[in-house]
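Single chain ahead, by itself, as structure tokens, in the form predicted alone.
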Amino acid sequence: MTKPIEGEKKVFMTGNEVVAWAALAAGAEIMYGYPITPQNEIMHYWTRMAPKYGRKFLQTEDEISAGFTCTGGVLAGKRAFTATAGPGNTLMQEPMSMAEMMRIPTVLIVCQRGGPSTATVIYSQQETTMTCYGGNGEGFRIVYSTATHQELFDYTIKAFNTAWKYRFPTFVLGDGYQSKMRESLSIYDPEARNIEMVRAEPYVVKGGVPGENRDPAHLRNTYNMEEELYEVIMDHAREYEKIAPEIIEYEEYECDDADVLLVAHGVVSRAAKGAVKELRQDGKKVGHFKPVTLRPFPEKELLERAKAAKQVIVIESAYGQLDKLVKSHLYGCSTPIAQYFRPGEGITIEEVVQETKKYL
């Protein structure tokens, strides 16, 4: 069968279209989903294209079901994924908590919208905390925060490999602006860039006889004894901390001599980077640190830059969700931390420049 993408090509499309193409390129076999704005078009594009390449789709009765059927598909050995936003993300935290506890490699694309509840269907970064630490559990998950359509494509593909390699739920955090706006990017067949996709394997209905020619599978999500639960969680914690250095990603822009360090993630980092360019032209020593992985967080790298600066400014389209992450990881650092919060609103380069000048 023809590949969805042959080689590499330049395109101009919306973020939701990007996700659908990336999932096809990554070899995703089935999407489970339920409609919610601004995620809907991921489902629409997927259902339009998937049959051409032998892929499948199941629309479920709600987001809880979409999350659980996705984990079921993974248990059966399918490279499955789902996508949602806002209240749907809230509902999916129950199946994602199960996936975290059972080490099921689910992939979930989140198109953030304004909260709480159904507040707006436009844009925000108000699902950061929920995506990183939602549900009951300890937040043993991997969260990529994307700023551009190119990153949305790259990290959607990467999410499938990360999930299956490390066996932790993996999230790609986007937003309503990315979902709806069009932007140019390069889409590609992973093979063209020497990216080898990790093979999906079934957790259940495996061949052979358990205990004879293969190890038995112990797929548990309930524990009657506190000591049992403690041991399992501590095993997960040790493994998560061990693999974290391999997963952590971040970007730095003009940080080497920065007196003022702007910290932002996702689409807001575009405004932060643009502000740094403008302020540098005026001779101002400003830099930008962008965490790409919010879980696990690039703590050591940010701490090193924060210590060298005279001022840190956290910029986000939420009321302190990134700020809490930053402060928890910069505990003990004496550099003052200021905030620029615009919950549910877009942030422009001009606004960041004006805010930064207060500290120069």
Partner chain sequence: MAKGVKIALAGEGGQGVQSVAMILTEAAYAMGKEALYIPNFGVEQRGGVSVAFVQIDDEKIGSPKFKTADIVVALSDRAVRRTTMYCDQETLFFYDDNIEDVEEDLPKNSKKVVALPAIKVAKEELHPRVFNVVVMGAVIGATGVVTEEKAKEALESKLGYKFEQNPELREMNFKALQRGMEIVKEVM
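Positions refer to the first chain, counted from 1. All values derive from a computational prediction rather than experimental measurement.
One more form of this protein should be noted, the form predicted together with the partner chain, which is absent from this view; the next part is about it.
Of the residues given (E246, E196, E201, E226), E226 alone sits with a heavy atom within 4.5 Å of the partner chain in the model of the complex.
Look at 158 to 166, 285 to 293, 262 to 270, 188 to 196: in the model of the complex, residues with non-hydrogen atoms within 4.5 angstroms of the partner chain sit in 262 to 270. Contact check for E251: no non-hydrogen atom falls within 4.5 Å of the partner chain in the model of the complex. Not displayed here, the partner chain is approached by I347 to within 4.5 Å at the level of heavy atoms in the model of the complex. A residue is said to contact a partner when one of its heavy atoms sits within 4.5 Å of a partner heavy atom; P38 meets this definition for the partner chain in the model of the complex. The closest non-hydrogen atom of K277 lies within 4.5 Å of the partner chain in the model of the complex. Annotation for 163 to 183: interface residues with the partner chain in the model of the complex are G176, Y177, K180, M181, R182, E183 [heavy atom within 4.5 Å].
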